[in-house]
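A single chain, nothing else alongside it, follows as structure tokens in the form predicted alone.
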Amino acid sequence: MKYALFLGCTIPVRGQNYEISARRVAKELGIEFEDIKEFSCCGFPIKSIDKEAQLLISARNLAIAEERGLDIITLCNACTITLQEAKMELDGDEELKRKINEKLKKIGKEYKGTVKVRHFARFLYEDYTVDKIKEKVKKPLSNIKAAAHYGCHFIRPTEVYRDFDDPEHPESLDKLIEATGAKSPDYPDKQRCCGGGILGIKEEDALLMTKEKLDDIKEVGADCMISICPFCSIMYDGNQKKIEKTYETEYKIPVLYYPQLLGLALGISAEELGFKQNRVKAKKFLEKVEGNGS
């Protein structure tokens, strides 16, 4: 199983622990990632300003993967929806594809529509399968409660993701968590946005949205929160201490990327999974994983 790994812009700068753990877990599961230096930004940042430019950027990345004969595995929810939506639009409109390819031709590229794009979590759920993950688990995390956070762009919009998961009541990430032996508790407003979308416009409102979800997760006694999106992790992990200070409260809820949780269940060390780079330190959580904490 060989795939082109698309990291996007945010992960190499602010989510290295996500990349580290994803690569380590993939190796353990027999999944091979190929790095393609020619990949660029997915196009998401300019989508609302210049749709054609975004499509051109996305199509270029897709065309590069096609040249290698590789499907794409993404880690970022925003990159996933941007590339998948571009593929859907280009595949469904021959005139649009012709127009984009005219411009790609200037740099020697052509989008044909043969490449698939999958978020790593969706790939693990649909293609690798939950049952195979369970077979690989060496250290079941049976004493851990891990609260799932899907993020807006992992399951929405429906017209792009079609029948992948229920956008109102998703279960794919919960089942992936449970495959490690951990429990995935339900909690109020589970599908609430992290607030990251408005952080640069109304920081106070964005942080309040983040706080309210942390409140819910704390209430159900979760040992950690599971993210599959670097933007969401910035809100819950990177901004957690700021929220604690602003609202005079305390959470100390470790925010793990799913590959970090899965890696522990596969018997991989926390060091190999990039835990040192988590902003909210997971010492007590890891002690509990080892059976040395309450």
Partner chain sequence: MEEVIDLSKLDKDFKYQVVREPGGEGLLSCFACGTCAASCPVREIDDRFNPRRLIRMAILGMKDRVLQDEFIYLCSGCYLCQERCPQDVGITELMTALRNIAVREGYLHPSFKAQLEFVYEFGRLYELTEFENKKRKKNGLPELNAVIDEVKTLLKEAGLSKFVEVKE
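Numbering follows the first chain given and starts at 1. Quick caveat: nothing in here was measured; it's all calculated off a predicted structure.
The form predicted together with the partner chain exists for this protein as well; it is not shown, and the discussion that follows is about that form.
Novice: Of these, 99-107, 175-183, 117-125, 219-227, which stretch puts a heavy atom within 4.5 angstroms of the partner chain in the predicted complex?
Specialist: Among the listed stretches, the partner-contacting one is 99-107.
Novice: Within 4.5 Å, heavy atoms only: does Gly200 come near the partner chain in the predicted complex?
Specialist: Looking in the predicted complex, residue contacts with the partner chain include Gly200, since a heavy atom lies within 4.5 Å.
Novice: So in the predicted complex, does any heavy atom of Thr158 sit within 4.5 Å of the partner chain?
Specialist: Answer yes; at least one heavy atom of Thr158 falls within 4.5 Å of the partner chain in the predicted complex.
Novice: Taking any heavy atom pair closer than or equal to 4.5 Å as contact, tell me whether Asp35 reaches the partner chain in the predicted complex.
Specialist: Close contact exists here: in the predicted complex, Asp35 approaches the partner chain to within 4.5 Å, heavy atoms only.
Novice: When the contact criterion is heavy atoms within 4.5 Å, does Ser40 count as touching the partner chain in the predicted complex?
Specialist: So Ser40 counts as contacting the partner chain.
Novice: Can you confirm whether Gln84, Glu250 and Leu273, the three residues that make up this candidate site, all sit within 4.5 Å of the partner chain in the predicted complex, judged by heavy atoms?
Specialist: Negative, none of the three is within 4.5 Å.
Novice: Residue by residue through 116-155, which ones have a non-hydrogen atom no more than 4.5 angstroms from the partner chain in the predicted complex?
Specialist: Stretch hits, in order: Cys152, His153.
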